[in-house]
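Just one chain is shown here, as structure tokens, and it is the form predicted alone.
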């Protein structure tokens, strides 16, 4: 980043996978980072290891979202960057999908980004500068079987991104989304193993025949690739980029 003043960021789900890569990269760029995660032991340990702060949170709780913003502003004096990254997956046919799980997924992946955006907005308006980055998914653009709640949340997140971008422009606030395909993580590696068992094929065949079936580049995306894109969106070089959904999918949606 080219601005001389040190920035302050909140990263939800910031202690694992993509979130950890984003948190680490922001710290390497001299950004104060508040890692918001439900896993207190891993979260605090990881935060300590990179010189970040940690806030344990249940993102389905509106009061907890407000408390996260308040704790960040109390500690650092403001908020410049919000990365709505936290999420989880549940695979189940629509007719059998548990309503409590549906509600939890919408709360964490759509309602929480709305609430956090709303709560950080006045702080960004005050500075006339802000960056909000919503971690969507290739499933913000296409659907897959048995992932109704996840896909609904991610499609809704793009609507929030575009609307907030229009409203934030006059105040120097940009709002963008990143939509990666399969990223190397414990969650994805677990899905590969499950698919191999279910279909009685090797994990290599799962990647070739299922995960990368529609991709031109047939490999897992590294978390750092996503983190590098976040850094770009937080830079002054991206000051005119807003309302975008940046696809990182190996060509999946090119056909």
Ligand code: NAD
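Positions refer to the first chain, counted from 1. Because the structure is predicted, anything quoted here is derived from the model rather than measured.
Heads up, the form predicted in complex with the ligand isn't pictured, but that's what we're talking about next.
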| property | result |
| --- | --- |
| Contact assignment for the ligand in the predicted complex, among 229, 206, 188, 31, heavy atom within 4.5 Å | 188 |
| The ligand: the contacting residue among 156, 78, 180, 168 in the predicted complex [heavy atom, 4.5 Å] | 180 |
| Partner-proximal stretch of 44-52, 63-71, 31-39, 195-203 relative to the ligand in the predicted complex, 4.5 angstroms, heavy atom | 31-39 |
| The ligand contact in the predicted complex: residue 135, any heavy atom under 4.5 Å | yes |
| Contact flag, residue 17 vs the ligand in the predicted complex, heavy atom cut 4.5 Å | yes |
| Exercise: residue 222 in contact with the ligand in the predicted complex, heavy atom 4.5 Å | no |
| Distance check, residue 26 to the ligand in the predicted complex, heavy atom within 4.5 Å | no |
| The ligand in the predicted complex - contacting residues of 82-103, heavy atom within 4.5 Å | 85, 86, 87, 88 |
